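Next comes just one chain, in structure tokens: the form predicted alone.
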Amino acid sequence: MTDIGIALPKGVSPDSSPASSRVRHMLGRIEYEGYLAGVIVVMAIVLTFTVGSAFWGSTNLSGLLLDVAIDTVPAIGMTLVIVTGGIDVSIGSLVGVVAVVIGLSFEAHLPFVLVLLIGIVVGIGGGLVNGAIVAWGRVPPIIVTLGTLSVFEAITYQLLGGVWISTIPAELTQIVVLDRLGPVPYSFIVAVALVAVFSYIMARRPIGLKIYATGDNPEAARTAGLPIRRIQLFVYALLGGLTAIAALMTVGQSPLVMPTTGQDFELTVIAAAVVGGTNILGGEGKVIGGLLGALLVEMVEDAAILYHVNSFYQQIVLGAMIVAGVAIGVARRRARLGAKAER
């Protein structure tokens, strides 16, 4: 029998059917965020069939979305910091400092808007301290922010003096928690709006491209004349300001300021960023991923509460999500570099 040679399309094996090739092609075009959104949808379906109204009830849904908003706002800044090749593990302690300053300002009967501005300025100041030491001190970000974590904790305890602050005006709780569009708190809408703004900036504006270039190849970026130090200072200051907004939301959600306010908050925000697809090695990540990561993290925690899972295991799951997110990010980076090398 004569062998007839048939040229097959590139990437299609003799065994593969046109239908399976089309499926693989479609799957290859889906971004990581698409898969993450699919996981969230599947989880929502599982919760619908297992706990039903307990999950979709207005109170639970509003609380879940508020928690997502509190995580998402600083996750925007954390995404940018990690994209530049940095990290900030001090934001939980910074939340405590901002919360105490806000509480003391309310106790001093300062105008409401002024208190909000003071809190944001304090947050930006904390971020500037981290950014300045990283940029000009050339100290590794993890070391810098571990140090400032301890400093911010000490400041919180010193300012509180062992006393809780409970004189938080109902107006803040009204704005943060009670003002809603249906079951959706306005805080969540604000978080989504910020995600949209910074997604546009990172994708379309020169500063966004410079941030990506700084983390992808710092030496090449420096050779090209990019202001690396100013970019680092900017992203850390931005993270500080967004952390202050999260602190305002936290104080509004639970109108008490305690020494433990903000404790371990950095773990949740880092988890949101890395689970959302931000590569811990820098140079890769999307702001929208921070929102999706925060939604997945909070849905997991909410499911644990609805299923009456011990909080000890919740921390294990959170840690596992961070490790998994980092591993996926490293694997995706290797795959991307491997694909470049083959070209």
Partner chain sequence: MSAAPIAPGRAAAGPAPGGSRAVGALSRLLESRVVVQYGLLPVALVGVLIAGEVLAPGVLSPSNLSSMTRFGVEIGILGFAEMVVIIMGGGGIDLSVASTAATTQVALAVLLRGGVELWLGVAISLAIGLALGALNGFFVIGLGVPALVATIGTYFGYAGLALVIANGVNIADFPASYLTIGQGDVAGIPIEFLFIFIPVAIVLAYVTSRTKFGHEIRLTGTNERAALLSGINVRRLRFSGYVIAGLLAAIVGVVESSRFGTAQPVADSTYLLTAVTIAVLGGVDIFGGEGTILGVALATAVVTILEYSFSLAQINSVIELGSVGVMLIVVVLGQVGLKSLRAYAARRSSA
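Numbering follows the first chain given and starts at 1. Everything quoted here is computed from the prediction, not taken from an experiment.
The next section is about a form of this same protein that is not shown, the form predicted together with its partner chain.
- Note on the interface: of 118-126, 260-268, 100-108, 184-192, the segment with non-hydrogen atoms within 4.5 angstroms of its partner chain in the predicted complex is 260-268.
- Shown alone here, Asn310 lies within 4.5 Å of its partner chain in the predicted complex, counting heavy atoms only.
- Among residues of the shown chain, Tyr157 is one whose heavy atoms approach its partner chain to within 4.5 Å in the predicted complex.
- Not displayed here, its partner chain is approached by Leu146 to within 4.5 Å at the level of heavy atoms in the predicted complex.
- Although the partner is absent here, Leu281 sits close enough that one of its heavy atoms falls within 4.5 Å of its partner chain in the predicted complex.
- Shown here without its partner, the chain carries Gly161, Leu172 and Asp302, none of which come within 4.5 Å of its partner chain in the predicted complex through any heavy atom.
- Note on contacts: among Val139, Leu114, Leu256, Val197, the single residue with a heavy atom within 4.5 Å of its partner chain in the predicted complex is Val139.
- With the partner omitted from this view, the residue of Ile316, Val46, Leu306, Ile40 that lies near its partner chain in the predicted complex is Ile316 [heavy atom within 4.5 Å].
- Counting a residue when any of its non-hydrogen atoms is within 4.5 Å of its partner chain in the predicted complex, there are no hits in 91-112.
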